[in-house]
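The data below hold one chain only, encoded as structure tokens and taken in the form predicted alone.
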Amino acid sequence: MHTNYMLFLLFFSVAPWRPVVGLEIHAQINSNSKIFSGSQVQFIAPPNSLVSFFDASLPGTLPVLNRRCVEAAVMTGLALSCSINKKSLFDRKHYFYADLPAGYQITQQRLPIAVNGNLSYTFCVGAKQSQLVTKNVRIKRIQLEQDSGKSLHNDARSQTLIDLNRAGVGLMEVVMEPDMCCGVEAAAAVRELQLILQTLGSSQAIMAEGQLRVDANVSVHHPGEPYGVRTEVKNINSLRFLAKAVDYEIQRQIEELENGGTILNETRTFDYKLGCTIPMRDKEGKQDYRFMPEPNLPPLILYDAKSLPANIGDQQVVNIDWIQERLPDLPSVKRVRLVEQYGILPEHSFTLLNEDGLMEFFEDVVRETQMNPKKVIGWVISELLGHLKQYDLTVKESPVNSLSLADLLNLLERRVISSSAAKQVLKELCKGEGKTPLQMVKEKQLELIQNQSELDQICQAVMERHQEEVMEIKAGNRKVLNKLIGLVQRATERRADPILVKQILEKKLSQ
């Protein structure tokens, strides 16, 4: 995908089109209860088992704002360098929601909780993924709102059933300015936001569970001209699909315009099976949501240390400064620490954070092994992660725990086994048979031959069988020495220490 990014930039550097991408991201707030009611929030529960009277919009019920949702939004805004509005307002957005009984959504249209932020994101490009590109996207606003329920379509019975368990769950809508130009950038920005939300704990942000949903606004235009008509690709729930949907939509719009067509202001959806976007509904007529102030919720007032009223503690109000002081280290800070502390490459620090649980796994291995962290990172990323991806496993599902990998690397570091033997043992460990690395080494007789006289005899025999190579080395062609070392390795089934073999051969060749 990232190699395509370079081709993408090359194409648009000579093509007469400039793509523009903006994002609207809905993140489910990590809270035990909903934003305006006491109903429990749970991913899997029997349909309509988590619905209060307010969620069902029974007459006479009133919203009560969840403090936790406010704190999560403030925390997210601070992490994204936003200005936090000490006064924000709630509004009703009227729309036909089949799965929101009130017929409107409580949101923040006029004055949201946070504005004018910034997100820096980085991604790897190039054939070897070794070139880092860092970009920024402006955050226009973060607003609090409630989620709608879920429509369950039963085609066999021609029915649509409504599950209101999700109705009223707290959301943060993060609106990004149109500062991106392709799918790779959009996916990288959302991934960085996802890591920030998970670090803060303000959202679990699991896309597969609908906790992070992305709407992409895409348009193309000629340089120097106003932005073109945009389309909105709704409810994308995968980073891979987001990149594909955006790139497809850009290409579709360019082809449409170059063929003399026009772009409709419409809502589209991404069909991952077909790999294309398809129309849902047009937006040519201006949507009239009939926004009005929410009469049952007063203005949301926040404080900082200077404006905090006397004799009121942090538990009675939401204190912006109190939250700021408790912000954890963000992913960007963690990456810098990893590079400085362990001497690893910057691109490796991105891999460690992008794979859930991999940073902790790596640091656990480093603590338990004598091997240099620069070598450990190769085993963790190239070898272990490669095996896990081959079997479609996450780090947390790994059959090899950090202690087992550390034990294996210690055997390698103490030159009990060779690197090729270590890879063979790792492959066996991935089968999850419960054996220790040392047990596998013993069973398969993979220990390096430490007996110098035995190695001396093997080296002598190899030299006698390959007199032509010996003569070349003595004539000055030192590269042929590697061939002799390889022949000794083959003769010992790779149980010979290559360093020791080299020393023995050199000594014999100098005689």
Partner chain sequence: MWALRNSGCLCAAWSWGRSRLARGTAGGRQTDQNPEWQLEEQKLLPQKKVTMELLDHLERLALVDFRNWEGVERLEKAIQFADQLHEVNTEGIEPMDSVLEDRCLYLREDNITEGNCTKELLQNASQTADEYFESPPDSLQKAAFCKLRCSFFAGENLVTGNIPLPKLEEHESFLQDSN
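As the structure is a computational prediction, the values presented were derived from the model and not from experiment. Numbering follows the first chain given and starts at 1.
Keep in mind that the form predicted together with its partner chain is not shown, yet the notes after this line are about it.
J.: Within 4.5 angstroms, counting heavy atoms, which one of the listed stretches 458-466, 56-64, 443-451, 477-485 is next to its partner chain in the model of the complex?
T.: Of the options given, it is 56-64.
J.: Heavy atom to heavy atom, is Phe90 within 4.5 Å of its partner chain in the model of the complex?
T.: Because a heavy atom of Phe90 falls inside 4.5 Å of its partner chain in the model of the complex, the answer is yes.
J.: Would you please decide whether Asp155 lies within 4.5 angstroms of its partner chain in the model of the complex, comparing each non-hydrogen atom pair?
T.: Judged by the heavy-atom cut-off of 4.5 Å, Asp155 is in contact with its partner chain in the model of the complex.
J.: Does its partner chain come within 4.5 Å of any heavy atom of Met471 in the model of the complex?
T.: Answer no; every heavy atom of Met471 is more than 4.5 Å from its partner chain in the model of the complex.
J.: Considering only heavy atoms, tell me if Glu355 and its partner chain come within 4.5 Å of each other in the model of the complex.
T.: Although its partner chain is absent here, Glu355 would stay clear of it in the model of the complex, with no heavy atoms inside 4.5 Å.
J.: Which residue, Glu433, Asp288, Glu225, Glu340, is the contact with its partner chain in the model of the complex, using a 4.5 Å heavy atom cutoff?
T.: Going through each option in turn, the one that passes is Asp288.
J.: Find the only residue in Thr394, Gln131, Gln315, Thr134 having a heavy atom within 4.5 Å of its partner chain in the model of the complex.
T.: Exactly one residue meets the criterion: Gln315.
J.: Can you tell me which residues in 143-163 come within 4.5 angstroms of its partner chain in the model of the complex, by heavy atoms?
T.: Read in sequence order, the residues that approach its partner chain (within 4.5 Å, in the model of the complex) are Ser151, Leu152, His153, Asn154, Asp155, Gln159, Thr160, Leu161, Ile162, Asp163.
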